[in-house]
Structures are given as C-alpha cells and as structure tokens.
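So this first bit is one chain, no partners, the form predicted alone, shown in structure tokens.
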Amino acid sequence: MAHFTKAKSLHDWLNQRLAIDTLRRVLATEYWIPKNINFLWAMGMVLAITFGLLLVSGIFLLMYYQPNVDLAFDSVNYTIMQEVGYGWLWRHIHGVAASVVFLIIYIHMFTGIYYGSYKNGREMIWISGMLLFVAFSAEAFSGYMLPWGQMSYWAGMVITNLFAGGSLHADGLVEWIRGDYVPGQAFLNRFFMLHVLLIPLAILGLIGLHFGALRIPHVNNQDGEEIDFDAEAKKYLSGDKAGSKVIRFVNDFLAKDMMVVGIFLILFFYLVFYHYDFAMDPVNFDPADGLKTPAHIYPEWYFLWSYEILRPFSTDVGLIAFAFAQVIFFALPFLDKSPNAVPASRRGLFKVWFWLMLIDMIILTAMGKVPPEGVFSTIGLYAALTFIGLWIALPIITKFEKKA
C-alpha cells in the first residue's frame, strides 16, 4: 500500500494521490524539444486551439439546434443566425474553424512528409496522426449533414451510396447506415449523435495517443539530426542551456508556439468577421429537397482531391482508386525504404516525388470542384493516375537512395 504523510499544502495533498509533479515533469518541464525547428512545428498546437474553438462554438450551437428534418434548417438559418444574440458569431466561428482546421492538418501532414518525421521509430506518430485525419474527416462529414440544406442532403446521399460497393450492390449496408432508403430523420439522428458525441470522444482519445507517441522518439528536427535527448537534457538541467540542443516543452517551446497561435488567431478572426462565406456553400442555404437534385454535387474543398480520384473511372475501378487514396498515406512509413530521416531537399528523387505529390493533390482539388466535362475530365483522369503512379513508384525510388 502507498505511504501517505500529512500534507503540508493542497499541492502536496494532490501530489501524494495523483503524482502531479511527476506528470508535469514527464509531459511538460522535462519533455524535450529540439532547438533547430521552425514555425511549422507549431501547427500541432494550432490544431489543438482550433479543435478547442470547434468544441466551444459547437456547445453554444447545440443549445439551439434542433435535430429534426422539419426544424433543423430553420434552427440554423433563422433561430441561431437571426434570433439568438451573437448566434451568427458562433456559427461563423464553427464554420470557419471546420474549414481552416483541414488547411492546418494538410500543412502539418506535408511538413511531416517533407522532413521525414515518420521514420526511425516515429511510425506510430504518423499512424496516430493519420487516424486523427480520418476522425476529423468523419466529424466534418457528419457536421455537414446537420444544417439539412440541399448540399447536406445530396452529399449525404452520394457519399453513403459509396458503401454499396459498386457491383457488390450492398444496398442493405447503405440502408443500415441511413436507417432508411433515403436520408431522413433516422439518418439525421445518427449523424447528429456521431458529430456531437462519438467522434469527438474518439478525437480526444487519438490526440492523447498522438501526444503519447511523441514521448519516446521525440519530435524530429529540420536538419534530420539524430539527437541524444538524454545527454542534451542533462546539459540543459546542469545550466548549459546555450550549449544544449534541446529546450523544455513548457515554458520554452510553448512560448514560441503561442506566438504562432497568436498570429493564426488574428487571421482566423479576420476570416470569421469578413470572409466567413468561403466556408459556407451557397447551395446549402436552400432547404433539403429529395425531389430536386443540385446541378453539380461536390464535397467541401478538403475532400475534393479524393473525390476527384473517384470520378474519372468506371464505378468499380473508381471505388478501388478511392479506397486506395483513403488508406495509402497510412503505409507511408513502410513504403519509404530510405534509411534517411532528413529534409526532402537532401533526398534526391524523393524531393521530386514530394513536390509532384503536393502539386498533384492541388490539381485534384481544383478539378474536383468543377463539372467532369471536356478538358477538366481529362486533367482529372491524368491527375488521378499520377497520384496512384507516384505511390507505386515511392518504394522503388527510395530503395536505392544513398545514405545521407
């Protein structure tokens, strides 16, 4: 049995029972960060702040939202936007944050790819990060259904149809997901539950896993240098802070994080007050109508690249290509055969691969927004084939990469 002594203070009382000093040391004051990193390493904290904004704004919206097919649209567009004091502000914050969070995710993801931050024992950092990407995607999709506008209804119809599996005709699975033959009250109830409860809990758990995965291998650095964190930490603790290659997470690195977060919040609230409309599809300001199909159905911008990989092919081939695009990033640590965990600029053909992949995904995103007609259809097809080809080529070009 643990030995308890008479506490000298509230801090001492809590420390004996919760080991708060040990937790603070392990998670903060003796969690070491390399000095040679840049502002891109602050994207994780920016993501955490943005997720916090989504949670807080979502709670306020939840107070007035009605998860009913007859009331949902009006509860969002009239009650919240026009009748509730500052309801418009909370909706703008939620809508902008839901869009901006994916921009930060993609920056965070491609930063990790560029600097090889998924290699040399950091595989679980990457995998947990990709699980977070999937969870955020599911959260965004479920939230897109809730306003019950035209694009909410028809995007839900199209995306759930994917689960039929083309020639497999798994229509029973689609009906089970919807709770009906077409999106209706059961569909809205299920996605409401997913959006406000189940997926946020999963995201919180995955954030803990992602942060925990960083604890042993530590974060990478912009030079790809292998740092002896134990030795460098001893230097720091002995007083040689200038000579040490690491700094504390709290409060050294966190202070730098907060500066980047401050700049981000200025830009974020500029969008909230002056350009919030970029995060709200105008078609979704029409009530859902199952008898009136929009001229062009498309997802939000952060899903367009994977949607465009689906479109150029026949149904079955398109579904296979779409499934490939959803899972292939998970395999990155195992497809990259190079021994180097250094910036792409020092990795020969991988540097070409990285920039081609980034440009190709931008092209796929642009093509996913326009109707698949004429030259746009051709560009989309070649961009989708390029995406698949780049992933097939990755293990080949990295296998023969020389040690940096």
Partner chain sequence: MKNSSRRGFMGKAFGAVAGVGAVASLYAMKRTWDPLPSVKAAGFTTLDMSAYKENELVTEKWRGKPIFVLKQTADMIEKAKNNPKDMDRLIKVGNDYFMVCLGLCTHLGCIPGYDADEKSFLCACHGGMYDFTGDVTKAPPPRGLDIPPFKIDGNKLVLGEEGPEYKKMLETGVTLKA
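Here the structure is a predicted model, which means the values were calculated and not measured. Numbering follows the first chain given and starts at 1.
The form predicted together with its partner chain is left out here; the points below concern that form.
S.K.: Please pick out the stretch from 262-270, 234-242, 316-324, 181-189 that is in contact with its partner chain in the predicted bound form, where contact means heavy atoms within 4.5 Å.
M.R.: The contacting stretch is 181-189.
S.K.: Which pick from I207, I107, M258, I177 sits with a heavy atom within 4.5 Å of its partner chain in the predicted bound form?
M.R.: The residue in contact is I177.
S.K.: Of G165, P200, G121, G290, which one comes within 4.5 Å of its partner chain in the predicted bound form, counting heavy atoms only?
M.R.: Of the candidates G165, P200, G121, G290, G290 is the one lying within 4.5 Å of its partner chain in the predicted bound form.
S.K.: Is there a heavy atom of H169 lying 4.5 Å or less from a heavy atom of its partner chain in the predicted bound form?
M.R.: H169 belongs to the contact set for its partner chain.
S.K.: Taking any heavy atom pair closer than or equal to 4.5 Å as contact, tell me whether V250 reaches its partner chain in the predicted bound form.
M.R.: V250: no contact with its partner chain in the predicted bound form.
S.K.: Is I216 part of the interface with its partner chain in the predicted bound form - any heavy atom within 4.5 Å?
M.R.: Result no; I216 lies far from its partner chain in the predicted bound form.
S.K.: Answer yes if any heavy atom of D70 is within 4.5 Å of a heavy atom of its partner chain in the predicted bound form; otherwise answer no.
M.R.: Because no heavy atom of D70 falls inside 4.5 Å of its partner chain in the predicted bound form, the answer is no.
S.K.: So which bits of 189-226 sit within 4.5 Å of its partner chain in the predicted bound form, heavy atoms only?
M.R.: R190, M193, L194, in sequence order.
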